[in-house]
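Considered here are two forms of the same protein chain, supplied as structure tokens in two stand-alone entries, structure 1 and structure 2.
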Structure 1
């Protein structure tokens, strides 16, 4: 074995070089382009325009209003729901938790489309039902989805699960002895909650608020579906609009940098909040908390939770199924009007469906494979300190967390529409985007899995003459196969859902499923939109279930859209 060629060091260095190019090249071009005018001359005019022109200031103000509102709503709803599920005897607590996590399967832009089907002023199913029940005129409506409050509501619906999971898991881990001690010393339920439960849960709730703020800040799909028809922009949709003819890449680059910097600052703040030790619990093993008995409030609490779940789960799915099987997509389906025409139109008559599905599955498979292998090598280098600068490598692997999808799309567009690598218009640029976006989730999952494999197993292989690459392939990787498989599944799902970067980088020949749904929204093919949305959700559900069965955990790749 000692006589064979050792490719370990070249492979490790190639991994470092690839990771550096993936991240630094588009971000470098983004910065350079923001400082150039159309003639390629150095200028700060792009930033002057950005901070003086009302067409840029208004989207920024709108985005901040949305982000703050979504964060406040999510915390106000998630905290009580998390407490009911984790700390009370409310019936069906496990079912409520499962359904809340199941809402993560729905891409936010698909949720926005479903709510458009429900609450559009003229054709919305809820408005039609209201007119039917009240006899109101055809020009009257109960809901109008094309408003700023409605957009905030829809974004909050699909951001709430992230905050709920953080809060509920935190309350699950909270030791019950502290609350028991408070009760034994005469403290009332209110005093115990105020002095014990709330202080212990507060750091996680603040972190949840930052998660919600970031989600709303960087989201493209929902604002593109609902804000643009309403006549206003958010920062992400404004950046996207700068690529409409004629494209203004330099202004898009300048508008992307504040979004990037704000994201980095908020992620740093989130890390500091989660790293607080002000209310740390010291000690060893603690018992489970005693459940609070709700008494006569048990059923009202359950009904409240089910009502909340109806917003992101029950009502949108009903709308999608109705539009998919209805002869007229904007009418309530009945036994007389049910049809499979929308499925036939989508998969037989619509010429762009099969190419988009092929592009999506090809890119998802390649991204999942490359991303999982790259993350495995990086996690190995970092966990085993296999080379100098492994901490820098860990930073680079997680750096895309701070890059919003729309910003990365702008950076890649600028970087790869010029020599020596003119990749725009090919699937390669989408592959680079997807690998870059999903790498942090893959790296974090596999980095955690490496802690379960003792390094002595690899050291034994090295002592017998095997190279680092050989021990990784023959010893470590097989031990991590379930974690690698689960990571592969989650990256695959994330690519299916990705819209924000793809919408900047696609061409007519490189459409993927998410972009096709977005394009059909503009052409008004509601039935086809519903069919493709259900197909996306069904595939996502199956793959996520497979990943969970393999023992994988949740990943950040499901966040963006």
Structure 2
């Protein structure tokens, strides 16, 4: 095909340039401003404050306690659950898996608000129920949501799905032969699990722990909802509080650097752990793994899974539905008290509702489309080593993981409030923020999908004279259709939930749903919050179902990402 213009190079270079600007600009600003004082002079004062002032050291310590605990809890729960779902004959295991996926739809801050409705010491529904059942006094409570352990619990609830999916998927893909061999040699089911399955799954579990750790480390919404009433800060809420007037962006930049360094180190560790693992995936060379028979334990196992699912799923939704139809969130809705007041307030009175819904929908669609395409190109370049410097590209695409959303928000704010790109106040700055934030997840998903497709087919295409771009479009992309659709969904859902960067970058004209909910939380309008959360979750569910159907995965798209 000589004579036709090969656009591969320009496209590749454009991607690199775009990525460099997207990521280096805010990060550069972050680094520079952490070394400046209010007058713009060079100083290490910000770091001195950071490591001597107890109002920074305490949040740092709290954050580490939270992250380690969340990682431990998630692994302890996700590992057995993932195994039950992927490798046993537990009833309803597909449903359990789907419901676990569905919890991903719940933004962590909405989950935190729902848990506040459930477990606030006096008005919490669970505490009221407990007092009713035990006759305990009005001052006594079973749970207190405004404590550090409760915050850890709530964060773990909404981090669990990530670890669970990682574990369950890798157990799906793990060849069954070794297990078969073990059982043929007379090993019992439990021996096989212990000697073969667990060691094989260990690297994934470690990776899961790191994912959970990072999630908890950089989370803003849940601590903002629960830690402030409880009277403590995490590092992210502390950073956010630095943007109260007068904003101390330099100090915030400095405070975010430890997060940045820690995250980079952990990501390195993760890639080392996962790098040694090598499973061939597509190809059908291995048989389906044989399912372990649970026997009498089938029902108890299911009940255990449903119990776990009650924490991030059933209970919070009950609470949300209850307060959506109730005038006061702490009262259980009955036939006499049921009211549509909150719906009327949200959709008729609240003037921000419809604009926020539209902004969110627009941004989620655009970000998902741009993000998935960008990730596809990058994943291709990196997986096929198509360019010199592809390692740098891989680093750049994963780097945003290391930046807490709120800090990226600040970097973007500084970068795009000055010429030549004055984007603050427009939806563009939110689009840039969202694409940057969601890129790592999209890239990692598509990257691992590329690993599953053998390059032989592409090589054939290239040998027959097709350009790289042509090969990508005609051969690789169709093979990855399900993965791309799943990635699109992931990004769409993630944008709906994104709060931490949006909370810095929005203006009254460019408000999104998550920020609207956050504002409503500040004034304590829980009824409207419940309505908006349910709407948000309904939209997400429809979109995910639609995209799965388009992707042809019949529900497998998200699960098999």
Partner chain sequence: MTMRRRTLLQATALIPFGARVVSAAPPAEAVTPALIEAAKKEGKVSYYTAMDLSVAEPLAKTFEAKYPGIKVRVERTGAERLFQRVAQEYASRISMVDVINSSDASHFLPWKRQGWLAAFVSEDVARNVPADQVDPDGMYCNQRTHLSAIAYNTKLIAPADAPKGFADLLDPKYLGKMVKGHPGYSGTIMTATHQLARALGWGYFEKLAKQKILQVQSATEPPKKIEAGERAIAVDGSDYLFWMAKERGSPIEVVHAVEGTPQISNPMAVFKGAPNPNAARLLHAWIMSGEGQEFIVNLSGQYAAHRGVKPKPGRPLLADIKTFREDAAEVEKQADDIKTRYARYFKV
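The structure presented is a predicted model; accordingly, all values stated were derived computationally and were not measured. Think of the rigid core as the biggest set of C-alphas that the two forms share within 1.5 Å after superposition. Numbering follows the first chain given and starts at 1.
Between the two isolated copies of the chain, the form predicted on its own corresponds to structure 1. Here residue 517 does not count as shifted, since its C-alpha moves by less than 2 Å between the two structures after the core is aligned. With a cut-off of 2 Å and the rigid core superposed, residue 446 has a Cα displacement that reaches or exceeds the cut-off between the two structures. A rotation of 17 degrees carries the smaller rigid part relative to the larger between the two structures, according to C-alpha superpositions.
The two forms line up on their rigid core, and residue 397 then has its Cα shifted by 4.0 Å between the two structures. Relative displacement of the residue 489 Cα between the two structures on rigid core alignment is 5.2 Å.
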